[in-house]
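Given as structure tokens, the chain that follows is alone and in the form predicted on its own.
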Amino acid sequence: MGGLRCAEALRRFGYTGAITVIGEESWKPYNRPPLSKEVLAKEVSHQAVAFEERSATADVNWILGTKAVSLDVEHNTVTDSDGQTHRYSALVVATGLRPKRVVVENSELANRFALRTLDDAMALREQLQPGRNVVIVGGGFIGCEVAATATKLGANVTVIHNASHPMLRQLGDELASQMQLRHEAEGVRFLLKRSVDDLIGETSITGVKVDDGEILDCDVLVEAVGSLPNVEWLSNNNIDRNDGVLVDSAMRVTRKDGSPIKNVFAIGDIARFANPLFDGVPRRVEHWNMPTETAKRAASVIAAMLTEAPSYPGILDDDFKPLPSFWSDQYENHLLAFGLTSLADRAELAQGDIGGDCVFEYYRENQLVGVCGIGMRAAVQSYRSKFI
């Protein structure tokens, strides 16, 4: 999505030159969030999640089914896994994340799944059948969304999570515990403050051994234990790759000494930047709107630079303070959030009833840093102006 949104924004900002997008997946850009929600509950297909192709980007050169494997910033070239070298005037790094996996001794078994790509969702959907025993490792949003979908499809679902409540970091204790109750009312079992000790089976998984010795029947294992930034291919370029890629407010990739590389940019889940809405600490933010926001910012700078617009280089100093946002559907519970709720040191019920639709405010040292609601969409939307 980051690559597509950047190409669209480049055209919108007046750049008319060639655009090439290199992507490891064989599919053109698509919307990932529905893969663990409504699309996973139905028939998973590219058509169901594909982004609309706009006429402004009809001439983009899509090189799919291959990935970037090395970068040479001195010579302005990228080499792909087919051995082809591509020269650039400006480079946008939008290589995103890959799932972490459970590491145990008996790990080479079939019917283990992570959920990041369309192909992942297609493979998992085939296995989510009524009566099957599904074990999900990880109680974050992906894990809980898959738990809800699998439960609605008739599977028996157990979630193993290392914290005291699912989605605790993003929702805080009170709202996270309420969401746990709602899952349990649908039949989901939680093993909290637990981890996987080993997997059981010869060729396909048949069970999961938990660290307290309990053995769970398991036909399908879903691993939702976090993600890793795809930044290894940027090595040997003196780039700051500590937890993603450090960028400045113009999305320019920075060297280890803090200086920017003027024609290399990073966007989306791998971009680590400071947001003045909150503080001066650079962070990666994996919220669904960040690829779009960072793509637009990078494109505005690239277009001004390559077209030698009067706004360049002044545009480099423009404030960039996007408001992060995420949403999640779990059963009939529709969650919407703005800000960085994970920064909060306290959360307060602001509107509604904790047992029904409600809105929580999130504060860090008395500063509002986030809001999250179950339902009450208009009320949550009204908070946008309070962050800007």
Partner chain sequence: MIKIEVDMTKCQHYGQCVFEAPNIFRLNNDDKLEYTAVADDSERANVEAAVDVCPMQAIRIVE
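These numbers come from a predicted model, not from an experiment. Numbering follows the first chain given and starts at 1.
FYI, the form predicted in complex with its partner chain isn't displayed, but the following is about it.
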With the cut-off set at 4.5 Å between non-hydrogen atoms, does Val49 touch its partner chain in the predicted bound form? yes
Using a 4.5 angstroms cut-off on non-hydrogen atoms, would Arg377 count as touching its partner chain in the predicted bound form? yes
Even though the partner isn't displayed, in the predicted bound form is Lys152 close enough to its partner chain, meaning a heavy atom within 4.5 Å? no
Glu38 versus its partner chain, in the predicted bound form: is there a non-hydrogen atom within 4.5 Å? yes
Of the options Ala344, Ala68, Val359, Leu336, which one has a non-hydrogen atom that comes within 4.5 Å of its partner chain in the predicted bound form? Leu336
Can you work out which of Tyr331, Trp62, Tyr363, Trp327 has a heavy atom no more than 4.5 Å from its partner chain in the predicted bound form? Trp327
Full three-residue contact with its partner chain in the predicted bound form, heavy atom 4.5 Å, for Glu293, Gln381 and Arg384: yes
Applying a 4.5 angstroms cut-off on non-hydrogen atoms, the residues of 1-17 near its partner chain in the predicted bound form are Arg5, Glu8, Arg12
